[in-house]
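Here we start with a single chain on its own, the form predicted on its own, put down as structure tokens.
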């Protein structure tokens, strides 16, 4: 049995999940997830890595379905509730998912697509659970999950992790951050990314702790949940901390003090998925008394580096490799960088993913001598690593997301009025970077608001540019390639 699920049997009567203020025990989770597994098996003895997609809001149903897929021997394919139909269609087609489990509010939108693709569509409120089936046994090297990341190409790639990869990622963080059964964490992160799935939910449930979900994020709702006195851990992206800080600044003095006193009692607060501005770190420390723990990871490797839990944390740094993770910095000439020298982060260890789904060439190019090439540059300073950024200007980090500029450009070029375009990331205190687009429209400049509305039917909202300019042509080098750094200056 998968160790994450096996451990849940140690705390049957303990509250595992709070969803909309309803408490669900570990026994509730085990029972529901087993029922989901029986439903998916439908008389089979093993799903044998059949892809099962699901579009569910973060909460008890989400975790039950994910655990159910795993127990039935399938590959979990979590979808993003905020993605438009074309983005969902891409993942469903790429994975060749056999079944799709959805919240009722998404059913009407997805019925035509499910019919077109021949996918079995199951609405979560109308599942007819059969009697408990005999669940399969399988090795830890079985593929467990596919999460999609934009990478440096125009189309997202499916990152395949095995059960062994996932267990390694969980165990490493549980030990490094000293998770306990008494912990209670609030999840405000989307659950189609490793940050929420592994760092928050899986680490908590591995430890016998409690995960609480909000129906919808808002600073007011987060602070209200904090004020109840149960929560003692929090993990978020810099953008969320920025929003919380600004909300706190507009509160009354008495409210500020009460909330700050409450935050001071937390055990741990973590920031990740994007670079944390030092100004945000300092503001949050003044409010909460906590120096946010910064760490470094990505979909392909889980978490690889972390500032220490108990010792001093250095602003702008992400600490050292976690136990079991090997790291080296490699310069452009292929030489391993020494202290004080810049290099690309390369990672090796049981945490590293298996492959990009059905993309053997992309997988091969991402490894060199068994080391995974992250594409991120760093430098080792006084026994702590500092991330310098991507070695490609075509990756934009905004609000915890890694966004491919090439993907957005490809969509923009499909607009009838846009001949060419260039997309870049501009520095922003709240979001880390914001997406900006230069449009080349020789005949007539389209209305930017209409372009924005059109894009939102093609792309997730976080990929839609926040700023636009129009140019007669894009800045290019002698071989005709757009020079992105020069383009940024025009904004």
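Keep in mind that this is a model prediction, so the values were computed, not measured. Positions refer to the first chain, counted from 1.
What comes next is about the form predicted in complex with a small molecule, which is not displayed.
In the predicted bound form, at least one heavy atom of residue 397 sits within 4.5 Å of the small molecule.
Residue 296 belongs to the set of residues with a heavy atom inside 4.5 Å of the small molecule in the predicted bound form.
Put simply, residue 149 is close to the small molecule in the predicted bound form: some heavy atom of it is within 4.5 Å.
Although the partner is absent here, residue 203 is not a contact residue: none of its heavy atoms lies within 4.5 angstroms of the small molecule in the predicted bound form. With the partner omitted here, the residue from 170, 77, 72, 318 that has a non-hydrogen atom within 4.5 angstroms of the small molecule in the predicted bound form is 318. Among 262, 290, 402, 164, the residue placing a heavy atom within 4.5 Å of the small molecule in the predicted bound form is 402.
Partner proximity in the predicted bound form, defined as non-hydrogen atoms within 4.5 angstroms of the small molecule, places exactly one of 127-135, 175-183, 273-281, 362-370 at the interface: 273-281.
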